Every structure is written in structure tokens, then in C-alpha cells.
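Okay, so here's just one chain, in C-alpha cells, the form predicted alone.
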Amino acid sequence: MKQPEQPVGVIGYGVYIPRYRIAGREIARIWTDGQNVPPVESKSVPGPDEDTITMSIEASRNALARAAVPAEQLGAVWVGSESHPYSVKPSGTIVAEALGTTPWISAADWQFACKAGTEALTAGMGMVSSGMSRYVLAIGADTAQARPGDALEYTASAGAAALVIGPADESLAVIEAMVSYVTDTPDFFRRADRPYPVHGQRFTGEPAYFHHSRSAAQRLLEDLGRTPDDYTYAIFHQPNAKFPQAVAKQLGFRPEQIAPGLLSPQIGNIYSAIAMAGLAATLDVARPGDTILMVSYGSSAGSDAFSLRVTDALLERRPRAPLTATYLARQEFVDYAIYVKWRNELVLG
């Protein structure tokens, strides 16, 4: 277990989810003649002018609005993603420039599949706790891609979540402790210069997602001397609607504890953003004194588990930016032809 030497927490949070959607049944219509039952109702689709960078900027502006922290006071802007627009050119510098933080700032991109965002969060905790910076912006964002016709095409979606990390006495949620657990388990990967990822089929659940999520969560609970009953909410990485509910049950959490963060049936899997987006959705309904367990997962493979406690500041800061539900309610559906045109998905190699 890792606890900051100087207590830190979330000062502000924000999300961004594109308005465009494609229904799961529309994808099934193309590839299975509508015979398969889609794993999610729909997934978010970036518009023709949207990518990881533009979504990161929108989510960050919401987070900074809630924090009421001027962008120039940030010490770092870190973007976690597995779909950066450039192979060689950081997303972080563009986001930092758009927010008005440059030039005296640390800007970088982070990578660890679906937990790239919480990797940036962990590093931000360390930077603030050490006194190197008062505020750090950690972002998770993706416009995840999938091979046409692959099972991932139903769930790989788009969105961003951003957290401003700062001193605990300014926080709307104090981060009490965290644990990381990683192994070399190749359940999902994409080689250099390949357009689409490859997934390890039977390895995706066990020993990948479930083993790592359970291990991180169990260790954190043990180190803190707590049980699932000590938490108001539990948030798990959401590659589909079933996995987070299954791992929560295995750990002893009740269904009502995970409901606020379960976004998958409406928007799909936002990959690097999904755990942090789940946290944002939970903070949208949480009350002072509530406790939150957040567990991310990144393929190939690892999990980060965080314990948070909500403070009185949340009630005053929450109305300063759009709630997650606002973005979920914006739905403009496109057909498969528009979807593949916008996403250049007809790369079959």
C-alpha cells in the first residue's frame, strides 16, 4: 500500500463524452445479420473533428472549472491513452497549450492500456505529495479502435475524464491510499504500426481482468483493515456490463454499491478513461463522508486500486461543470456507414 507523505486529493473533476452513438444492434446487423445479442446498448463515437486531444481539453476545462484553479497554476498536464493521435508528438503539449499552461510546465503522455489514466493519477499524487507541484492535471482519454467485425467493435468507444490533484485540505475527495498490482499477462496488445489490437480470448477474464482487479482491491482492503461494507461505492474498470458486477460480487460488494459508476451499457468502454469516468459519475451523486473504492485495469496487465473519502467541498464545486448524466443524455445516433467513414475503420490489415 502507498500513502502520500503529505495528504492529497481530488480538487476538481470533469468528463467529456461525444454526443454521437452507434447502437450495438446496428453493428450486429452488419456482421451477424442481427442474430447476436449486443454486449452493450450503444457506444460513443467521436465526431469527424474529435480525437483524444480534443476530448482531453474538454474534460480538463470541466475539471479546472470545478477546482477553480487557474490553468497557469498547474505543475503538470499528463495524458493517459492508448489512442494518441501521433506516434511521435505528445498529446500533453497540445492539451497544455490549449489550456493556457505553457511553457513552464511538465507535459507528457502515459501508456498502460486501459489504466493509463490512473498511472498519470498515481504520478500526480507523488508530485503533489512531494511538494514539487501544488496542482497536477491527470487525464484518461481514448478513441479506442477495433478491427471491423471483431467483438471489441461493440464496446470500444470514446471519451475523456480529467482530475485535478492537489493538497488534501483543498480536496473534494481525499485519496487515502493506493495499491498497484502488475504481471506480464498478454491478454490484449497491439504491436507497433498495426492498426488494430489483438485480444487473448480466454485470458481476457481469467487470469487477466479478474485476477488483477481482485488482487489490487483485496490488498488495499487488507492494508487499510477494511471490508466492502466500509465503502459507500465501488468502481471497477468496465470493459462490458458484466465484468464489473462479477468482480464486485466476488469481493463481497452489493449491487447498489457499484450502480453509480456503471456506464458501459450506455457508452461502451472508454478504455483509459473508464475508471476515472466512473469516479466522476459517482462524485456526481456522492455525499460528504461517503467512501469510494476505485479499481482500474490495464491489459497485459495490471490494476490500480484507490481509496477515497468525500469532503464537504464536493457540494459547492459539483454544480460548476456539466454532470456525467448531461453527456449521457446527448445522443445522436449514426449508422454503420457514417461510423466507418469517420473512424477510417476499413483498414483490414
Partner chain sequence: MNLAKHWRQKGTYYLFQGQRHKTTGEIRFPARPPMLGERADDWLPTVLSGKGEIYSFTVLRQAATEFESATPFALALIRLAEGPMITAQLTDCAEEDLFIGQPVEMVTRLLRRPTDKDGVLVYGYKFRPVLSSPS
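Numbering follows the first chain given and starts at 1. None of the values given here were measured: they were computed from a predicted structure.
One more form of this protein, predicted in complex with its partner chain, exists but is not displayed; see below.
Which residue, 170, 109, 150, 97, is the contact with its partner chain in the predicted complex, using a 4.5 Å heavy atom cutoff? Selected option: 97.
Looking at 34, 70, 288, 48 here, can you tell me which has any non-hydrogen atom within 4.5 angstroms of its partner chain in the predicted complex? Checking each option against its partner chain in the predicted complex, the one that comes within 4.5 Å is 48.
In the predicted complex, residue 25 touching its partner chain (heavy atom, 4.5 Å): Residue 25: no contact with its partner chain in the predicted complex.
Answer yes if any heavy atom of residue 189 is within 4.5 Å of a heavy atom of its partner chain in the predicted complex; otherwise answer no. Output for residue 189 is no: heavy atoms all beyond 4.5 Å of its partner chain.
Is residue 322 part of the interface with its partner chain in the predicted complex - any heavy atom within 4.5 Å? Residue-level check for residue 322: yes, a contact with its partner chain.
Contact test in the predicted complex: residue 16 vs its partner chain, heavy atoms, 4.5 Å: Contact check for residue 16: yes, within 4.5 Å of its partner chain in the predicted complex.
Contact check in the predicted complex: 61, 86 and 330 versus its partner chain, with a cutoff of 4.5 Å between any heavy atoms. Do all three pass? Result yes, every residue of the spot touches its partner chain.
With its partner chain left out here, work out from 305-313, 280-288, 51-59, 26-34 which stretch has heavy atoms within 4.5 Å of it in the predicted complex. Result of the contact check: 51-59.
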